[in-house]
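One chain comes next, on its own, written out as structure tokens in the form predicted on its own.
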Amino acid sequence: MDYRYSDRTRNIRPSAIREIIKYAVAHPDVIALSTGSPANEAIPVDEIHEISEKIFREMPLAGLQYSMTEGYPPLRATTKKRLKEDFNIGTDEDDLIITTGGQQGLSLAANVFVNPGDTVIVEQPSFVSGINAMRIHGANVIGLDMDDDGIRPEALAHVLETQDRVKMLYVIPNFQNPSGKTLSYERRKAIYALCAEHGVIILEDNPYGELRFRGEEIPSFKSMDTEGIVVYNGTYSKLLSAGMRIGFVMARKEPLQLLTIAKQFSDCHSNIFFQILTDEWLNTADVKAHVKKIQGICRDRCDFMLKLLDEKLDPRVTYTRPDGGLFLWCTLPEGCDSQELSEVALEKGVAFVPGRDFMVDNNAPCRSFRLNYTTPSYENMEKGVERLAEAVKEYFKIKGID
């Protein structure tokens, strides 16, 4: 049959991250430094087990029947209370819905706000699924390069002044995926002012905000949102369980109504059993102690990988030193392409995500690549970095780099 696909799907590529996971599963001898999962020891398995038994014992049908699209009311209330008390996020004009992971929040925002031909500005590099969420709705995606403090307000101002139909800025301000960089407070204020002046929505994606293990917390865009331009996308995937797929979106009540309708057409409602479980956990567990534990796990693992890279990797390969999150961003010398290196690395038995998959132009060569330090064991991290160092050495020889 001659399948006639929709125009919006023609230029969408599969997630390189998901493809690498699939490859690693099929080749268990390959060490994956590529995925972005929380550490296994960060998941409170015993508490989840106990709460699951309680739900089945006390309210099984509530967890097994249809429910509200907006989400389990107690979880919505708990989440709003926590955001306000702990992070000064949310006003009386805002409301919140529960989503199927943070990924759905990106998809819903693109669905509600983006028309074909609208311009969406993203950090470069940026989360590949965030870029694809915009592209599938026909957006003209423009990437802004980052320095150590994130995107530059003057570069944003230039795009706002020269591009037509700028609808949205998509930004991951804390320990950005894939770079691990954090947008400075001064730049956040300047960027917010520019977007407010030009009537541009800020889609603030903050899955890693609570994973800070060094430095001082920086206020979110949503905490300074007096104009109602910020759509805040959060998740419990990094805090409780990635597999439960429980996230949330906070925005002013008017756009949130449309986000809810879009969700109705998407999945009716998120997994209600896990919504109930998440609310029970938030209200019975020592959440602050758990967050502190996760931060310690991320810090120790990050420091261990940095130590390995310092000791074993060719010094011409540079890399970020993040203050939180899950990722390091490595960069090869001029004239190199991390896609080429990845092929050599796979032959050596180690996988990472080439940088071109996080770029607006994902066909152009890219010198950078992403590493994750929370998923592999310490033993596999050591073996993986050793294999990576061997791959870099061989690749430099192929490229004639002395």
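Numbers for residues come from their place in the sequence shown, where the first is 1. Please read these numbers as outputs of a predicted model, since none were measured by experiment.
The form predicted together with a further copy of the same chain exists for this protein as well; it is not shown, and the discussion that follows is about that form.
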If you check Ala157, Ile276, Val141, Ile229 against a further copy of the same chain in the predicted complex, which one has a heavy atom within 4.5 Å? Ile229
Quick check on this chain: which one of Lys238, Arg188, Arg301, Lys181 has a heavy atom within 4.5 Å of a further copy of the same chain in the predicted complex? Lys238
Which among 331-339, 65-73, 362-370, 349-357 is in contact with a further copy of the same chain in the predicted complex, heavy atoms within 4.5 angstroms? 65-73
Taking a further copy of the same chain as it sits in the predicted complex, is Ile43 near enough to touch it, meaning that at least one heavy atom pair lies within 4.5 angstroms? yes
Can you check whether Pro255 is within 4.5 Å of a further copy of the same chain in the predicted complex, heavy atom basis? yes
Using heavy atoms and a 4.5 Å limit, would one call Asp147 a contact residue for a further copy of the same chain in the predicted complex? no
I'd like to check something about His27: if you look in the predicted complex, is any of its heavy atoms closer than or equal to 4.5 Å to a heavy atom of a further copy of the same chain? no
Could you list which residues of 106-132 come within 4.5 Å of a further copy of the same chain in the predicted complex, counting heavy atoms only? Ser107, Ala110, Asn111, Val112, Phe113, Val114, Asn115, Pro116, Ser129, Asn132
